[in-house]
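Quick setup: one chain, the form predicted on its own, written in structure tokens, and binding and motion questions come after.
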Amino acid sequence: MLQETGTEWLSQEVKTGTTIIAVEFDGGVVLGSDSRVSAGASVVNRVMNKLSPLHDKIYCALSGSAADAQTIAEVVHYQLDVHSIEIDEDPQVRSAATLVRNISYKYKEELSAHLIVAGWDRRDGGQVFATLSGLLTRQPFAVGGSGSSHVYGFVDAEFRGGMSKEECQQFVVNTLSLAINRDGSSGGVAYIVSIDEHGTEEKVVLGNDLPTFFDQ
């Protein structure tokens, strides 16, 4: 006997997925993300840029619910603008990460989002902060999203301190490529943002140009 199909699916949790990463180098940071936005088994956006600016030299990488993550980024962007006017200088990366952490913790029951905050400031140079449900910790690199579980071994083995900007960029591209190949919820193109004292550099690596790690 066939079961009747109702509206139970409306109340079920929609699974999302992505891959985000940020890594420090001597003098700055590099952030990266894939571009696929999924809702369950459906791809709803193939080319979303998940690297959102919070200030001139501070960015965040978004994962979780796209709407929730974008809302947090927009609120923090506004608060940082006001803060920078009050202190009459660019805000610190830690200040941006603290704002993200506070919002994530205050609304942890309502929001489903994890943001990695990274950037450069005059006091501490390049910094990467992981923020998750009240957690705030600075790390030399951080990965997040559903694709991160496929690449933890790779990043642990391949990361080393003191890498150059170009080496970090390649490290990020390689990590994203491996995650995209293994995680069905990650895909599309790779967005890369490099930040140092001179400014911000944005780059897109098309899917066909991503490196492969298997025999042809």
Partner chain sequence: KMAAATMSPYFGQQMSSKNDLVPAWTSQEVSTGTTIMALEYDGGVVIGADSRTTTGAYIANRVTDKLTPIHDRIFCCRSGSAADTQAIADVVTYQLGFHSIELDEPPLVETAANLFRASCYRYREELTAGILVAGWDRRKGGQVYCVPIGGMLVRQPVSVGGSGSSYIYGFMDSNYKPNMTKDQCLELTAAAVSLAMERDGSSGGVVRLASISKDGVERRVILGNQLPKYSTH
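Just so you know, these numbers come straight off a predicted model, no measurement behind them. Positions refer to the first chain, counted from 1.
Keep in mind that the form predicted in complex with its partner chain is missing from the display, and what follows is about it.
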Mark Glu166 yes when one of its heavy atoms lies within 4.5 Å of a heavy atom of its partner chain in the predicted complex, and no otherwise.
no
Heavy atoms within 4.5 Å of its partner chain in the predicted complex: does Pro140 have any?
yes
Since only the chain is shown here, I'm wondering whether Leu178 would be in contact with its partner chain in the predicted complex (any heavy atom pair within 4.5 Å).
yes
Please run the contact check for Glu158 against its partner chain in the predicted complex: heavy atoms, 4.5 angstroms, yes or no?
yes
Heavy atoms within 4.5 Å of its partner chain in the predicted complex: which stretch among 116-124, 77-85, 132-140, 93-101?
132-140
Which one, Ile58, Val151, Ala61, Val30, lies within 4.5 Å of its partner chain in the predicted complex by heavy atoms?
Val151
